[in-house]
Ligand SMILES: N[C@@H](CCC(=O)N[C@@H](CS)C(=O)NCC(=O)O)C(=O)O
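For reference, the chain that follows is the form predicted on its own, supplied as structure tokens.
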């Protein structure tokens, strides 16, 4: 059986990405949760990944770390999940926006840390943070319009790797009551409504660990 090593569900956006992909597609796996930023956590994570970071995946003798690499592996390992679009042009776009999410949006990450347990009033964001928010909304809207999607659809039809990469952003937007244009708002709602996302949220709410630097934002 697959083993997925994750951090705290309330805070670890990187861990959510492969977890929600596995859970949504009904792939059996063992979850091994290692709370982050506590004594011994780095050493415990080093037993599973050379980076000492979460998440990491073990599949027999195969070990994979980094969220986007795990998702690539899962899409290949379980082709029936259709992790990438079948159309070459759409597949290229899906890979591009997934890589952009993996490497970019630094201002959004810092200003809107993931904290599933909280919902705070809307606020005005610095220009650089709002630019990241606007870019995410533009990506979502552009993908949905390109396929003529109805409200509640995912970026390329069925839930795939690109959707998993953006899943933590949906929680961030929920926490910080971020206003979105209609199509982006509908997509965010579709992500949050997924049973797998609701299951993750329930796990996050049940956790007892706190991180003051995230809880005070």
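Residue numbers count along the first chain shown, from 1. Since the model is a prediction, treat every value here as computed from it, not as a measurement.
Just so you know, the form predicted in complex with this ligand exists too; it's not on screen, but the next bit is about it.
Scanning 27, 36, 49, 186 against this ligand in the predicted bound form with a 4.5 Å heavy atom cut-off leaves one residue, 36. With the partner omitted from this view, the residue of 45, 169, 191, 178 that lies near this ligand in the predicted bound form is 45 [heavy atom within 4.5 Å]. In the predicted bound form, no heavy atom of residue 200 sits within 4.5 Å of this ligand. By the criterion of a heavy atom within 4.5 Å, residue 160 is excluded from the residues contacting this ligand in the predicted bound form.
In the predicted bound form, this ligand lies farther than 4.5 Å from every heavy atom of residue 91.
Contact between residue 77 and this ligand in the predicted bound form is not found at the 4.5 Å heavy atom cutoff. For the partner-free chain shown, 52, 53, 54, 55 of 47-65 come within 4.5 angstroms of this ligand in the predicted bound form, judged by any non-hydrogen atom.
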